[in-house]
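Below sits a lone chain in structure tokens, taken as the form predicted alone.
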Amino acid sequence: MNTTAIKEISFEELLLTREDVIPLLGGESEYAFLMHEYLDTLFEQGKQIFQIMGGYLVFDKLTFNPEIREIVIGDVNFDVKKIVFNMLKRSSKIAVFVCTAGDKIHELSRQYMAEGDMLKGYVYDLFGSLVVESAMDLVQQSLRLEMEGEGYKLTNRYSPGYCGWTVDHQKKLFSLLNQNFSFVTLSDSCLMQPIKSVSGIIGIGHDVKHNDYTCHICDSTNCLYKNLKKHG
């Protein structure tokens, strides 16, 4: 039987600080005073701006085909490529996850850019990305605590579009989700709505491994944390 968990997350639960954000913006710069002003507004109004939801659905019906690096979850096959397959191949279960920061942060970012305030739009856009990833950290922690009770460990989380895994597999991923996950939808072009959303899979097993730092195996060019490590 598949296990489902849906969680509404308050902005305060994220425990974000200005120190979490400034390095992602490139550190202190000539525009630092403006960025600090924008961040102060975001922290003050975060409760009104963000509508954070996240959850996962755990599957235990899995098939691994090493010859073609394919994982079958339920009855849906995924050609996840070499890196993701090797990280997940020892899993006994797989959690399919979705998390969103809501619509408003993207709308505000787009509005400020349309008005010509590119810096403010950029700060809001990046902050939205940080919020949804931080929220997903909490969702993953909930999953970890649940699975630890059964003696399981977790892998890192992996999403279509990374490590060679084609982004159009988002459609297959979303086909596994039920109506409880309607807080995020998928367009025909595989764009999630709200924009500030993440989805993917997490391996669960007795003999799987979580790596604190995996940027060296990932080919993403727009990841917050990879760019921070590269310039740190």
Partner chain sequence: MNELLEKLSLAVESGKISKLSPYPPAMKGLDGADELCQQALEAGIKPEVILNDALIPGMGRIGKKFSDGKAFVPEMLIAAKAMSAALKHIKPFFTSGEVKRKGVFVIGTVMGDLHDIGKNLVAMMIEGSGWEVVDLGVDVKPEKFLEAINQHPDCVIGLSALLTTTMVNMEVIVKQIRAQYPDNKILVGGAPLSHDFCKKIGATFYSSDPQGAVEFLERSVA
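Just so it is clear, the structure is predicted and the values come from calculations on it, not from any experiment. Positions refer to the first chain, counted from 1.
In what follows, reference is made to the form predicted together with its partner chain, a form of this protein that is not presented.
Stretch 112 to 120 is the contacting one of 112 to 120, 77 to 85, 151 to 159, 130 to 138, since its residues have non-hydrogen atoms within 4.5 Å of its partner chain in the predicted bound form. Not displayed here, its partner chain is kept clear of V208 by more than 4.5 Å at the level of heavy atoms in the predicted bound form. In the predicted bound form, its partner chain stays beyond 4.5 Å of every heavy atom belonging to N178. Of the heavy atoms in E44, none are within 4.5 Å of its partner chain in the predicted bound form. A residue is said to contact a partner when one of its heavy atoms sits within 4.5 Å of a partner heavy atom; Q193 meets this definition for its partner chain in the predicted bound form. The partner is absent here; in the predicted bound form, the one residue of L34, V184, V58, L62 having a heavy atom within 4.5 Å of its partner chain is L34.
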